[in-house]
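Given as structure tokens, the chain that follows is alone and in the form predicted on its own.
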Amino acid sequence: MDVLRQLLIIAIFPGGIFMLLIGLVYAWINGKLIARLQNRVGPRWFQPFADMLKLITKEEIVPEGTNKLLFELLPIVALAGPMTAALYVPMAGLRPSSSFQGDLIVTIYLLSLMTLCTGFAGANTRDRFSTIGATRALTQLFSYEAPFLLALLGPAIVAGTWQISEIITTNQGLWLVVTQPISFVIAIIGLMGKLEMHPFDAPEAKTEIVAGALTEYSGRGLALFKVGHYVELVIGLTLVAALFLGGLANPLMFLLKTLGLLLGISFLEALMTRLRIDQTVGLWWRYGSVLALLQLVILVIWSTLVS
């Protein structure tokens, strides 16, 4: 029975089918919110599902001169990262399905697999647009990964543990967004940078380099990369809501929290124009990391004085 339960967790909830469906739903909500904020109608509810179905049924063309095994394997690994991370975060406001000491660090790096695979996918082809996109994606990853990690370490320091379930249990009183506003803002911006969302979409600038690192991808491979981004968005929102917005709650309340965060992200996407790669890297690395470290220093001093 325990084996059956583990299979259901991986294949149905919180992994597998649930993550694929909820990722597509959040992608539609994001697109709809941006459209309404820009006075457009936006996509119909089934558009993300139709797009994925269309891509899956299309032929996948492997460009000449690429490593075929790597070309086909990278999209699978890219999707597997956030799908695995779903086991360690409180999906739908419920306790994580799996937990161990240090799973916060593991989850953060599982969320980095998408960008790493995207960079390797672009570098694996000979197309110049893919190469430029891969360079930008990997450069942006190194710039946003450190501030994002430092921002999420704040709740861990307050709780005195690196285990997500214990952090949530400890921090269910006053919302940490009140006591750690800098870390909260950095976490949101870092998530947008990791996902290459507007205005941090220089690695996928359609008016400059077509589709960036994924220019040569089509069919099933492109579908896996896209749905992987959608799943990672859900995981990121869930993690930020759980750590900064009061921990666990009933599913409806937790849904409202994540949708509130999504509304804020959509507002930023609709409001701002795309930044150049030097702006996204230089400014954020310089100021984001310093602010995150400053917040951590304040937390460490405060924890020492209290204890």
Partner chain sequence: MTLEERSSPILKAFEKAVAWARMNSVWAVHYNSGSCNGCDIELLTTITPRYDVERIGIKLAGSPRHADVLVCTGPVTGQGKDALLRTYEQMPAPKFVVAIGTCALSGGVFEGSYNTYDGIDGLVPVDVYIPGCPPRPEAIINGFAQLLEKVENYA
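Just so it is clear, the structure is predicted and the values come from calculations on it, not from any experiment. Residue numbers count along the first chain shown, from 1.
A second form of this protein, the form predicted together with the partner chain, is not displayed here; the remarks below concern that form.
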Just one of 217, 88, 200, 144 has a heavy atom within 4.5 angstroms of the partner chain in the predicted complex, so which one?
217
Note: exactly one of 50, 272, 253, 259 sits with a heavy atom within 4.5 Å of the partner chain in the predicted complex, namely 50
Mark residue 211 yes when one of its heavy atoms lies within 4.5 Å of a heavy atom of the partner chain in the predicted complex, and no otherwise.
yes
Is residue 69 close enough to touch the partner chain in the predicted complex, meaning at least one heavy atom pair within 4.5 Å?
no
Can you tell me if residue 267 lies within 4.5 angstroms of the partner chain in the predicted complex, counting non-hydrogen atoms only?
no
Wondering, does residue 59 line up within 4.5 Å of the partner chain in the predicted complex on heavy atoms?
yes
Contact stretch among 221-229, 178-186, 79-87, 151-159 - heavy atom within 4.5 Å of the partner chain in the predicted complex
221-229
